[in-house]
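Let's start with one chain on its own, the form predicted on its own, as structure tokens.
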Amino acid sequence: MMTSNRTLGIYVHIPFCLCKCLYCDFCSYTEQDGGVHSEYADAVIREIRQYAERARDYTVTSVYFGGGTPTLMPTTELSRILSAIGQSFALSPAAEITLEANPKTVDAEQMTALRQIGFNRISIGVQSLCNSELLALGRLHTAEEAIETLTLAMRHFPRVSADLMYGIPEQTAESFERTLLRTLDTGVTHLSLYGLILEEGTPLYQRRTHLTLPDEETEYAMYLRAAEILSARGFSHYEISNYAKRGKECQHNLRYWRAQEYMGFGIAAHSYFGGVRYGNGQDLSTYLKSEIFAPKVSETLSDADLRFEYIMLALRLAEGIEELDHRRRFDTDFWQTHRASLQKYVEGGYLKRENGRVFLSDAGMYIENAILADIL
């Protein structure tokens, strides 16, 4: 296929899990027979082929298999899906190709096979390296198994990321720092750090009145301490929840935050393409039987919507808002339009304006939602 200057990211949702974590509200299924994996791959491939023509003038620069737990799918099925992407789209030879994995679901033999079929980045869901905290989250793996998986991943993949959480039941500032330091000692080059959110409808939410959670002050101290440690270790805090060594930023996720186009395949997958945001339904049986795929939800974004999303997403990034770019896109001066609100955050140390950019400090990133609500 011919390539062009227009680029695209591709997301593939793999909804299968060994069990549902107590905090998880993602679309995932824990009961399946072996045959459903092949059926699901068939359906994803049909959907890929249906939509590929719309992006014939695009070059795919990133592919991301998320979930769920993609490594529960046989490598042969993942390979079939990845091959269909390569056959249907103009896939850049330098494309970042990521899959998520949990400890207990991937071993050295499988990692070797995954590298051979084209994956060059892996993201490991660690969450904590304290066994009592893992138990509180409903995770199946132990701290020792997580360390072993990270160590194996470092041997097999050129780019390895780990997910960690703070604000876990019974967690202390000390236990969180131990988890962070042990994770860094494995040599990972990217870290995603999320505060636990008690999503309505999850088991942890239902138990919320009986949980011993770190208070807001302790959570904030964890967040700031992580930023301090990671900076000392050579990591850049390039997005609110993400840190990376130079050149190891997640290129796929940067597409989302820069409001660039992407297509999503599989149940519950969402897309942003041609100015339209659309998403699939979450019913597995319906998806498996589909021959023609139609979005469950679809929204054409207005100019006001586009500007709101641009500001919201850009302020998640350390690079922030480039004032000239904002003017080119929306024919308005960002600073002058919002000066009254912005100035007080500059004076408070939450926001900076330097070299034609407006961006949040570490402290500002922690309260981005409140700042956005004030600005917009």
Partner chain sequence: MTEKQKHIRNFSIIAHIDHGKSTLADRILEKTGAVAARDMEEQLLDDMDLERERGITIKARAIHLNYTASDGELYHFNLIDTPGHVDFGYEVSRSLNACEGALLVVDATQGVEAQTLANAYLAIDNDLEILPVINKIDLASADVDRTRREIEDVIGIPAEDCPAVSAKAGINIEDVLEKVVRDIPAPSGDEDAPLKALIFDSHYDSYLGVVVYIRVLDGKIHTGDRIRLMSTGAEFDVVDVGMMEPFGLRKCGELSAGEVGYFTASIKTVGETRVGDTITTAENGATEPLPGFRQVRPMVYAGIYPADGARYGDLRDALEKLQLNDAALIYEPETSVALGFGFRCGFLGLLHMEIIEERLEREFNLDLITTAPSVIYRIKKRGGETVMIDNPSNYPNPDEIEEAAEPVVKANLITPTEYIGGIMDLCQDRRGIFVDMKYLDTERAELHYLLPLNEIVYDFFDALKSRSKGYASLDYEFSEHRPSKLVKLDFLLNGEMVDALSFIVHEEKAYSRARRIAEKLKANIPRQLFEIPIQAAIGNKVIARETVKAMRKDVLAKCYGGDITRKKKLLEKQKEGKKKMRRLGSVEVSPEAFMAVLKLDDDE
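These numbers come from a predicted model, not from an experiment. Residue numbers count along the first chain shown, from 1.
What follows is about the form predicted together with its partner chain, which we do not show.
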Contact test, all of 194, 262 and 312, partner its partner chain in the model of the complex, heavy atom 4.5 Å
yes
Check each of 174, 228, 144, 305 and return the one that places a heavy atom within 4.5 angstroms of its partner chain in the model of the complex.
305
Counting any non-hydrogen atom inside 4.5 Å, which residue from 273, 257, 205, 293 sits next to its partner chain in the model of the complex?
257
Please tell me whether any heavy atom belonging to residue 277 falls inside 4.5 Å of a heavy atom of its partner chain, as the geometry stands in the model of the complex.
yes
Is there a non-hydrogen atom of residue 326 within 4.5 angstroms of a non-hydrogen atom of its partner chain in the model of the complex?
no
May I ask you to state whether residue 137 is within 4.5 Å of its partner chain in the model of the complex, using heavy atom distances?
no
Any non-hydrogen atom of residue 301 within 4.5 angstroms of its partner chain in the model of the complex
yes
Interface stretch in the model of the complex with its partner chain - options 148 to 156, 285 to 293, 79 to 87, 194 to 202, non-hydrogen atom within 4.5 Å
194 to 202
Stretch 344 to 367 - residues with a heavy atom within 4.5 Å of its partner chain in the model of the complex:
345, 350, 365, 366, 367
